[in-house]
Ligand code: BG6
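Take a look at this one chain, the form predicted alone, written out in C-alpha cells.
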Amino acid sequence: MNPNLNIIENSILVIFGVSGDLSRRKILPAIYHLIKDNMLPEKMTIIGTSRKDISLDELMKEVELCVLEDSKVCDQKVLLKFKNMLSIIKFDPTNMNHYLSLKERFKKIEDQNKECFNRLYYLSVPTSSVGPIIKKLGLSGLNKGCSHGLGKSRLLIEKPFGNDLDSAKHLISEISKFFKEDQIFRIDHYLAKETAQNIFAFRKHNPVFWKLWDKNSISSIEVKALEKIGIENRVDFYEHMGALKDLVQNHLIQLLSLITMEIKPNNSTQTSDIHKAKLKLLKQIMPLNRQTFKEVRLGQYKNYKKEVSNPNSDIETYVKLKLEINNRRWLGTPIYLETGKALDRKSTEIVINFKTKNIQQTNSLTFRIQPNEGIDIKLIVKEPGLTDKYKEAFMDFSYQKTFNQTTHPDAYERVLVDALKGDQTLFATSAEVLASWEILEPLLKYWKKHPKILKIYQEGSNPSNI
C-alpha cells in the first residue's frame, strides 16, 4: 500500500442509486461510522441521486445506520453531522441536462470553499445502468477535475464486471474512453475484510511458513464462501448470474491469488507491484478444460425455482470446481473453489492442507474471512499415556480476543476510505478481471452447448453431501 496515501482530501461523493437496497444496507451505514470515527474531512460533501422523489428524512427512516452499534442507537451529534453532509437530488441518469446541473453544483461548492474537491462517483445501480452513466459522466466533462485542473474524478463500481469474457472486454473498452485505469475502482469487498488484508502480512512476516508454501509441503488449498441464506431479493440478478459468476469469478479467484501469488521477505508493498504479482499468478492458473469439466459439482436448492417463478431454471446456487496453477511452486497441487446458498452454515475461509506421513490426521492452516475473523492452525499432538495415539489440536487467533475488539471497520468502510484516498491496492485491475474470465470462459462455452447437471439439495444441507 502506498504510504503517502494517509489522508482523505476534501471530496464530493456522489452515490448514484442512494435509495437502493445496497446503499441503505451497506453504504450509508458505512459513511455514518466513518463520520463517527472522524475519518472524513470536515468539508466532505455527499450527494445522493435517486430516480424517485425522496427527502433526506424519508431516506434516513429506511436506513438502519446504527445496526452495528452495541446499543443500536445513533449518536445524535454524528447523525446531525451526517445529515448536514448529505443531500438528495432527483436524478434521471438518461438525461444529460441532469449531469450538467450536477457539474454546476460542483462548481458552486468549490467556489464557496475557494478550492478544488476530488470527486468520487459510486455507481450503486443495476448493471445495465453502469455503461450509460459512465458515458454521460464523460460526455458532460464530469470525468475530469474541477475547472482549475486540480482534483481527481474517480469511479467506484460494484460487480459484476461483465457477464463473460467478451462482455467484460466491451465494458472495459467503453469505460476506458472516458476514465483512465488509475481512476477506476472495482469493488471486491471480500479483499477489504480484515483477514483477507492480513494474508499478505502473514505470508511476508512469518518466516516459519516461507519454505512450506509450495507443492512439496501443501497437499491442497480450499477457498470457500458458504451462505445459510438463499437469494432473498436478488431474483433478477441471480437468474442472470448464478453462483459461478456471482462469487467464483471475482471474490474467490481474487482470494486465491492472494494466497498463492509470489510473496518474499523483500517483496515491495507498492500497489503496482502487488497487482503485478497477482496478475502473473492469475495468468498461470490453467483454464478449465474437458477433463476438469467432469469434476465440477453443481447444485440448486429445492425451493429456488419457486422463488424465481421459473420451473425450467438451470441456474446453479452451489458450485465446486478444481483449478491448477501451472508454475514451479504449485503445479500438481489441487485447488478447490466452492460457494453456495441455503447451506447449513455461513462461512468464508481459506484452508491450507499440509502433507503428513504415515498417520490419518492432517495439519492445516485456516484463514477465517467471516464470521469470527481470525486464523487457526491444526497441529498433530500425541495423546497423554503410554500408547502412541495422536490427536488434532487447534491454535486459534481471533481478532476479537487478541485486540479486545468486538467490532472493526466494515469492508465497505475500508472500500470507501481507500477509494477516497485513491489507493487501488484492494481493487481489481482491468487485466485481473479479464484474466479471471479467461479461466472460466471454456466452462461457460461448454454450458451453452451442454445442459448443466444440477443436484437438487434441501435448504440447510451440508455442502459435502451435494
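These numbers come from a predicted model, not from an experiment. Throughout, we count residues from 1 along the sequence that is shown.
The same protein has a further form, the form predicted in complex with 6-O-phosphono-beta-D-glucopyranose (BG6), not shown here; the description that follows concerns it.
The chain here is shown without 6-O-phosphono-beta-D-glucopyranose (BG6). Which stretch in 234-242, 133-141, 309-317, 325-333 comes within 4.5 angstroms of it in the predicted complex, by heavy atom distance?
Result of the contact check: 234-242.
Looking at 6-O-phosphono-beta-D-glucopyranose (BG6) in the predicted complex, do all three of Ile229, Leu247 and Gln370 come within 4.5 Å of it through at least one heavy atom?
Yes, each of Ile229, Leu247 and Gln370 comes within 4.5 Å of 6-O-phosphono-beta-D-glucopyranose (BG6) in the predicted complex.
Would you mind picking the one in Lys278, Lys193, Lys224, Arg154 that has a heavy atom within 4.5 Å of 6-O-phosphono-beta-D-glucopyranose (BG6) in the predicted complex?
Answer to the contact question: Lys193.
Could you tell me which one of Lys159, Lys103, Lys215, Lys169 places a heavy atom within 4.5 Å of 6-O-phosphono-beta-D-glucopyranose (BG6) in the predicted complex?
Only one option qualifies, and that one is Lys159.
4.5 Å heavy atom contact, His189 and 6-O-phosphono-beta-D-glucopyranose (BG6) in the predicted complex
Result yes; His189 sits at the interface with 6-O-phosphono-beta-D-glucopyranose (BG6) in the predicted complex.
Check whether Lys83 has any heavy atom within 4.5 Å of a heavy atom of 6-O-phosphono-beta-D-glucopyranose (BG6) in the predicted complex, and answer yes or no.
Because no heavy atom of Lys83 falls inside 4.5 Å of 6-O-phosphono-beta-D-glucopyranose (BG6) in the predicted complex, the answer is no.
6-O-phosphono-beta-D-glucopyranose (BG6) contact in the predicted complex: Arg203, any heavy atom under 4.5 Å
So Arg203 does not count as contacting 6-O-phosphono-beta-D-glucopyranose (BG6).
Hey, in the predicted complex, does Lys346 get a heavy atom within 4.5 angstroms of 6-O-phosphono-beta-D-glucopyranose (BG6)?
So Lys346 counts as contacting 6-O-phosphono-beta-D-glucopyranose (BG6).
Considering only 422-453, what residues come within 4.5 Å of 6-O-phosphono-beta-D-glucopyranose (BG6) in the predicted complex, judged by heavy atoms?
If the 4.5 Å heavy-atom criterion is applied to 6-O-phosphono-beta-D-glucopyranose (BG6) in the predicted complex, 422-453 yields nothing.
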